[in-house]
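Next up is one chain by itself, shown in structure tokens, the form predicted alone.
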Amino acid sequence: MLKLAGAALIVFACSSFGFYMANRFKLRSLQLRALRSLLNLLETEMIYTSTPLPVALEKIARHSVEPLDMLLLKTREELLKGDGVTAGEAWQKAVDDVKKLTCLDEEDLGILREFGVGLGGSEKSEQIKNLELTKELLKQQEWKAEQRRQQNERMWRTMGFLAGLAIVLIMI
């Protein structure tokens, strides 16, 4: 009876790992979509209300999902410290701080870091062009993420369960 319980536990643990990995593909797509939405809100704040960046980041963070709200709030926090940090530096530091909480890959994070270079340091029209470019790049990344999700999601789920069964068979 104890062996049966152990075997079931191994299959359950391996299946759970497979579902966890499959879910990361889905979350990456969702986070990229949320980032584009977030940048749309930031663009609106810049164009129509000319809201100061820390205030705009706080407003947008309230409408954002975790962990992307942390990206905005950490950027805001760095800007308000008053250590002479530029908006771009604050953004890049926040990206580095939040990257472990997201499902974004290095290419996605590189796009976000590049966005930070032009944030708050140039003319309004240049910042809007930077926003448009970043949104387009994130859209392409979202498409790639969706392709990878379709290729790998089912594989991870199946592989997790089969790996658990294989381990149990080896142990018998």
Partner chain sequence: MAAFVFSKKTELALSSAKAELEKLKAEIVPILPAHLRRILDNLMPWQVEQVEEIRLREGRPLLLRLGNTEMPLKAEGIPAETLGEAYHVTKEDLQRALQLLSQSSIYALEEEMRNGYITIPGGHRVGFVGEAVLEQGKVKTLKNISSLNIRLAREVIGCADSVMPYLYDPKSGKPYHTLIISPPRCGKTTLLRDIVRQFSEGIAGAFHLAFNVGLVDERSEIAGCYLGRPQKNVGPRTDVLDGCPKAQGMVMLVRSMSPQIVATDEIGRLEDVAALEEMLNAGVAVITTVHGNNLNDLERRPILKNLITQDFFERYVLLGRTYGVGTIEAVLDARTKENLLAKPIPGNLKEGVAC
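Numbering follows the first chain given and starts at 1. All values derive from a computational prediction rather than experimental measurement.
What comes next is about the form predicted together with its partner chain, which does not appear here.
>> Would all three of L32, P67 and V98 be in contact with its partner chain in the model of the complex, where contact means some heavy atom lies within 4.5 Å?
In response: So, no: the whole triplet misses its partner chain.
> Could you tell me if T134 has a non-hydrogen atom within 4.5 Å of its partner chain in the model of the complex?
Replying inline: No - in the model of the complex, heavy atoms of T134 and its partner chain never come within 4.5 Å of each other.
> Heavy atom to heavy atom, is G120 within 4.5 Å of its partner chain in the model of the complex?
Replying inline: Yes, contact at 4.5 Å.
> Could you tell me if S37 has a non-hydrogen atom within 4.5 Å of its partner chain in the model of the complex?
Replying inline: It does not: once its partner chain is placed as it appears in the model of the complex, S37 has no heavy atom within 4.5 Å of it.
> Hey, in the model of the complex, is A87 touching its partner chain, heavy atoms inside 4.5 Å?
Replying inline: Contact with its partner chain, yes.
> Want to guess which of 139-147, 123-131, 22-30, 102-110 is within 4.5 Å of its partner chain in the model of the complex, heavy atoms only?
Replying inline: Among the listed stretches, the partner-contacting one is 123-131.
>> Do any residues of 45-84 have a non-hydrogen atom within 4.5 angstroms of its partner chain in the model of the complex? If so, which ones, in sequence order?
In response: M46, S50, T51, P52, L53, P54, L79, L80, G82, D83, G84, in sequence order.
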